[in-house]
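Shown below, as structure tokens, is a lone chain in the form predicted alone; questions about how it binds or moves come after it.
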């Protein structure tokens, strides 16, 4: 047997799930090493922007790290609105009651600031047990002996043995894939989000969003402003910036051949946002992220041997109607994983940590939230094109429109129902058709004119910081035909038709008197979201430690 460095626990990834796991392990005296591939924790991470502390959760981030809210968060979100949009017509619902359901608090966050702060606390805690936190280390796979998982392998370090490995390495988890616990086969199991962070002075945010110190607002958007793509938009107030973004079902993006950056621009330039940003549009960062749909991919048994998955690596992202919660579940799962290993070790059966972790996820109600039972029924009945066509036909008919008018203010209560939000089917009806009809029948015309001029895709790419691993591309195109990989030209958030500066490009090649369209790839502008791994025929892996894109906001 080859001698390798050994730790009781190795945690891969220093986001909120990894930080929670490391904290729980260290609090139980477990020697823990945390490995992070970014130049700094948070440098590779992007978030929609809200971190919840649920009253029913077994763990919250401020329970594990005191002073978190004061030091690492942006504004508490105290007002929550959903805007139904049809052209210039808008009908807004106050759904703060839904937001506050089971919520102790909810704060807007930016990942670079938050994760970096957490990393310092994690390093302090794990150093006390003989471990610590290392950055710029890419864990590229699992170390096995006689077929059993016994540690991890890295680009920058020799293999490391461990009694338990907690994979908190995100939605593109290489460890989950190595263990056969995740695949990238089905676009309908994923969302893609893109986001712009816009600098706005704190006093301007307070005035325009009518929030005082210690208050903030969240606004969601749905309807016809996203070209029939299933999904929606969001705006969150940070301390002195705004996080504005869109999230769409990946299969819908591909089917509509929609370009993510253009859908974001549709939101940024809508007159509804004009008063909020007039004279203050300074976009400082563009980013993108793949998001698992927990209803479909939250792994019911997220462990294999000594490997335990937490957070996005386990598909633990709850996006159900207006409910968008991920980081809080990563925190709960991470801490439960650490707790499970500590308890199993005390019983003399560390090999049963995964089994205990799975039981805790169920006993604490985490899996029930990620995979609501009611959704199984509505998806089985409602997620069929023929059913959707019938429902949409009724909704857009005179009868359907009259029903919407009769419901009137009751619709706000229905949208505020936690139960209904969990069972919404993934069809265009709740994302496009219904909000459009609501805005057309009940909305008021917005008269403002936007002065926002979004940045070009070229400028957005140019603003990002890269340390390109020259000569060592992390993505390889396996099939350059349009049929196999053409979807990436539009679905990739840094590519576009007739744009030569992005990752994926469609080119016409002339050979022997004939012409053929082929796909080419340049990985330099990659934002490492992983979209192309699903929609194109590629071999995809993370860049080596410290290489690739570096987000300043996240």
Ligand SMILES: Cc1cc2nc3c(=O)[nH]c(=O)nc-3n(C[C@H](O)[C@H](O)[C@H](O)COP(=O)(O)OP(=O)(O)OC[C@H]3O[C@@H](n4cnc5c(N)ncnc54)[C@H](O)[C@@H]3O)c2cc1C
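Numbering follows the first chain given and starts at 1. Note that the coordinates shown come from a computational prediction; the quantities given were computed from them, not determined experimentally.
What comes next is about the form predicted in complex with this ligand, which is not displayed.
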Quick one: 289, 317 and 324 and this ligand in the predicted complex, is every residue within 4.5 Å by at least one heavy atom? yes
Tell me the stretch among 116-124, 189-197, 448-456, 69-77 that has any heavy atom within 4.5 angstroms of this ligand in the predicted complex. 189-197
Pick from 164, 168, 253, 361: which residue has any heavy atom within 4.5 angstroms of this ligand in the predicted complex? 168
Sort through 26, 519, 64, 35 and report the residue having a heavy atom within 4.5 Å of this ligand in the predicted complex. 35
Taking the shortest heavy atom distance, is residue 234 within 4.5 Å of this ligand in the predicted complex? yes
Hey, in the predicted complex, is residue 311 touching this ligand, heavy atoms inside 4.5 Å? yes
Residue 9, heavy atom within 4.5 angstroms of this ligand in the predicted complex: no
Given that the partner is absent here, does residue 434 sit within 4.5 Å of this ligand in the predicted complex, heavy atoms only? no
Only counting heavy atoms and a 4.5 Å limit, does any residue of 41-55 reach this ligand in the predicted complex, and if so which ones? 44, 45, 46, 47, 48, 49, 50
